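Presented as structure tokens, the chain that follows is alone, the form predicted on its own.
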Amino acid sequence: MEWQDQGLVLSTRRHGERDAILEVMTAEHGRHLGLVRGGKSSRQAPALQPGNRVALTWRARLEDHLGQFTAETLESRAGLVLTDALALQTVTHLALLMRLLPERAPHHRVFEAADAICTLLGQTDLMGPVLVRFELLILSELGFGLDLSCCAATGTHENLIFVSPKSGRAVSAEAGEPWADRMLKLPAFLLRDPRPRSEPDRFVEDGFALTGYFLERHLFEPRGLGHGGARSQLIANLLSRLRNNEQRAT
């Protein structure tokens, strides 16, 4: 069997002296693993760095075999990922989230979104909103999507500022005010055009609190996963940089 595709490198691990097991998120074949002969050599290792977009050929005798990859770099982000702590944390977090998806199941929107985020590495002002949207996408792809289209209580599309932690649906200011202390905050950027734009750090923090609640409840806790620490460090680093940027701008 053989197929060709594009992929985003998630990780590599050594296999023997010179080979490597490559983990990628592909456009058409989902999250996939395969053996790269000589993957730890000085010639091939640079192409297999997390965050890189690569052209892939996968071959195996049977469909359920591990198979072998050959990979060529289409776009390298390794220079930034290996020198910037926030970029490395971002790529690592993307990989952790994509490992929640079943292996070899196509998730086209996830691949496109993750690859787009990797093109924004280093643009701190844009990173918060796009990561929050990516976490919402992972929830949706796994059947736990939030409904932010209208108020769960009144059906209105206006003045949506809360999300119910019970139903995962938006709630208007008027309907949610009596229970405001129990509600999750809905940052306005999630109701606007999804194109990347900078947001105040308090809105980004609210966005991560929203997605984090549902990630923990639906995905991390039921699977016994401890991703919270690494995610918290990423968010703290990102918010710190956003606040420093805001202070310099004033």
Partner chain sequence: MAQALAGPEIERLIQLLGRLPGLGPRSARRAVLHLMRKREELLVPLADAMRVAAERIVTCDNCGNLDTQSPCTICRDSRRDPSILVVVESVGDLWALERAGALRANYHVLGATLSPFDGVGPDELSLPKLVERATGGAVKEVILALNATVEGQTTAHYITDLLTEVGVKVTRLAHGVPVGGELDYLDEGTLSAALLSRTTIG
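Note that this is a predicted model, so its numbers are computed, not measured. Numbering follows the first chain given and starts at 1.
Separately, the form predicted together with the partner chain exists; it is not shown, and the next lines address it.
Which residue among 211, 49, 26, 70 has a heavy atom within 4.5 angstroms of the partner chain in the predicted bound form? It is 49.
Single option in 164, 92, 124, 172 placed near the partner chain in the predicted bound form, where near means a heavy atom within 4.5 Å: Only one listed residue qualifies here, and that residue is 92.
Determine which one of 77-85, 154-162, 133-141, 107-115 lies within 4.5 Å of the partner chain in the predicted bound form, judging by heavy atom distances; exactly one does. Heavy atoms within 4.5 Å of the partner chain in the predicted bound form occur in 77-85.
Verify the contact flag for residue 230: yes if a non-hydrogen atom of it lies within 4.5 Å of a non-hydrogen atom of the partner chain in the predicted bound form, no if not. Answer yes; at least one heavy atom of residue 230 falls within 4.5 Å of the partner chain in the predicted bound form.
Quick one: does residue 234 come within 4.5 Å of the partner chain in the predicted bound form, counting heavy atoms only? Close contact is absent here: in the predicted bound form, residue 234 is far from the partner chain, nothing within 4.5 Å, heavy atoms only.
Just to confirm, residue 10 within 4.5 Å of the partner chain in the predicted bound form by heavy atoms? Contact with the partner chain, yes.
Touches the partner chain in the predicted bound form: residue 96 (any heavy atom, 4.5 Å): So residue 96 counts as contacting the partner chain.
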